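Shown below, as structure tokens, is a lone chain in the form predicted on its own; questions about how it binds or moves come after it.
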Amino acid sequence: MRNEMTLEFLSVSENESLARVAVAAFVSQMNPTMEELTDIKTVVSEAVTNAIIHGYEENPHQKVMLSCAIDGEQIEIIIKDEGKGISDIEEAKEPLFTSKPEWERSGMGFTIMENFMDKVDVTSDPDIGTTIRMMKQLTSTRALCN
């Protein structure tokens, strides 16, 4: 059975925890392991933080869109912004690359997403925005609700 949720929120850093908790609550119906839940919360945090800091450059008047879907034992998470976009996605995915070195950013966001999820697709256009689509097959799914 497929189930979906969407959430839209202002691009303020305080809403990163809202996104993380909302996805964790939604995914909990699949009864994930603590490790799987921690991985999912971490990638949501990384993607939302990227949208706020890099996409919108901390402009609090913009919106971040989050959607999450469960289909069988697979989860799909999409984080989208309509910010400045990424001019070179492959460069942005390189470990330790950051567009904000003066902010002491680690540049590990995409690396973390790619290590914790089964699939990560990034699409981006300068001045149009970025969409990050992440997929994960849960290994120990024991659905609580059918």
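Heads up: residue numbers just count along the shown sequence, starting at 1. Since this is a predicted model, take the numbers as computed values, not measurements.
What comes next is about the form predicted together with a further copy of the same chain, which does not appear here.
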{"item": "Option from 26 to 34, 50 to 58, 84 to 92, 112 to 120 whose residues, in the model of the complex, bring a heavy atom within 4.5 Å of a further copy of the same chain", "value": "26 to 34"}
{"item": "Contact test in the model of the complex: Asn15 vs a further copy of the same chain, heavy atoms, 4.5 Å", "value": "yes"}
{"item": "Contact label in the model of the complex: Met135 to a further copy of the same chain, heavy atom within 4.5 Å", "value": "no"}
{"item": "is_contact(Ile128, a further copy of the same chain) in the model of the complex, heavy atom dist at most 4.5 Å", "value": "no"}
{"item": "Residues within stretch 3 to 25 having a non-hydrogen atom within 4.5 Å of a further copy of the same chain in the model of the complex", "value": "Asn3, Glu4, Met5, Thr6, Leu7, Glu8, Phe9, Leu10, Val12, Glu14, Asn15, Leu18, Val21, Ala22, Ala25"}
